[in-house]
Ligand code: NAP
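The chain below stands alone and is given as structure tokens, in the form predicted alone.
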Amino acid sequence: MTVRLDGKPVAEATDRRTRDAIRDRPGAPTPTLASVHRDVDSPFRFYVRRQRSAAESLGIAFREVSLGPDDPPAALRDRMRSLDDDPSVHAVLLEHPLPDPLDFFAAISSVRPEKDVDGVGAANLGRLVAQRPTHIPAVARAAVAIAQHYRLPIEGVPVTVVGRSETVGLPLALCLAARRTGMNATVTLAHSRTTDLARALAGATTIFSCVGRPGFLDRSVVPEGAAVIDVGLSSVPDPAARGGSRAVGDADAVSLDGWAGALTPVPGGVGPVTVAELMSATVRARDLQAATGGSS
């Protein structure tokens, strides 16, 4: 039997801690998150709506900052600079990937590390490598939080991360291998060009997949009994679904049912926990800036 690793109870536990953190500082400024995105119909629009809903439910102020679909790089730089200079904004999130000629990495790296709430700028990624993180990417934190909530084996055992993006796969591998209690995993990093994926996954107790390819993992490559935390998110056509498409992950849930030891659903797995972790990090960003005199 494959155990379903729902994200809802994990997100609810994180939200309780976030509410406590806000309540414990009644005189502090309201934590404020600014979410910057292009004003076009894209999957990120759904993510923005979830961010707003979560923020409002927790007492976090939310600002939506739209970029025109044809805005030049200078417009993006100006918006990021303005948010970085605004003492009432504690956390800044930028949609990614961005189309050319917009440079996501340069734009987010221009924001001070304390405000780069998703931890994907140059300074924060460097601090993560040095095992002294300020902020860690929310998706990576969410994947780890699910594994810890369901008490999946990590410490000292073989796990595999499938995917090597600088915003998800690589930070996740670094988190799992970190020298701290509960981590210390023996990490294998595979990706879409791994020539023998089954061999790379062999022996893994838990597999974290963040490739973004529907059906990439099935029972032909996943070891029997392994837990799969599916971070991938893609859209596939489905005439029966609202809007004519539905969200799927990297894992072929039908193939892995009864084969994998445990599996996160898509949607309903990593997604809600990612939003909860982002809200938690926004409160932490406020507190970091207050401690250094950078908050209003």
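Each residue number is its position in the shown sequence, starting from 1. Note that the coordinates shown come from a computational prediction; the quantities given were computed from them, not determined experimentally.
There is also a form predicted together with this ligand; it is not shown, and the following applies to it.
Residues within 4.5 angstroms of this ligand in the predicted complex, judged by any non-hydrogen atom, belong to 192 to 200 and to none of the other stretches in 192 to 200, 79 to 87, 146 to 154, 128 to 136. Listed residues Ala185, Ala226, Val162, Leu94 were compared with this ligand in the predicted complex; Val162 is the one with a heavy atom within 4.5 Å. For Gly215, no non-hydrogen atom is located within 4.5 Å of this ligand in the predicted complex, even though that partner is not displayed. Taking the partner from elsewhere, Thr18 is found to have every heavy atom lying beyond 4.5 Å of this ligand in the predicted complex. Taking non-hydrogen atoms only, Val36 never approaches this ligand to within 4.5 angstroms in the predicted complex. In the predicted complex, Ala173 stays away from this ligand, with no heavy atom inside 4.5 Å. Contact with this ligand in the predicted complex, defined as a heavy atom within 4.5 Å, is made by none of Ala55, Val117 and Ala276. With contact defined as any non-hydrogen atom lying within 4.5 angstroms of this ligand in the predicted complex, the contacting residues in 210 to 233 are Cys210, Val211, Gly212, Arg213, Phe216, Val231, Gly232, Leu233, given in sequence order.
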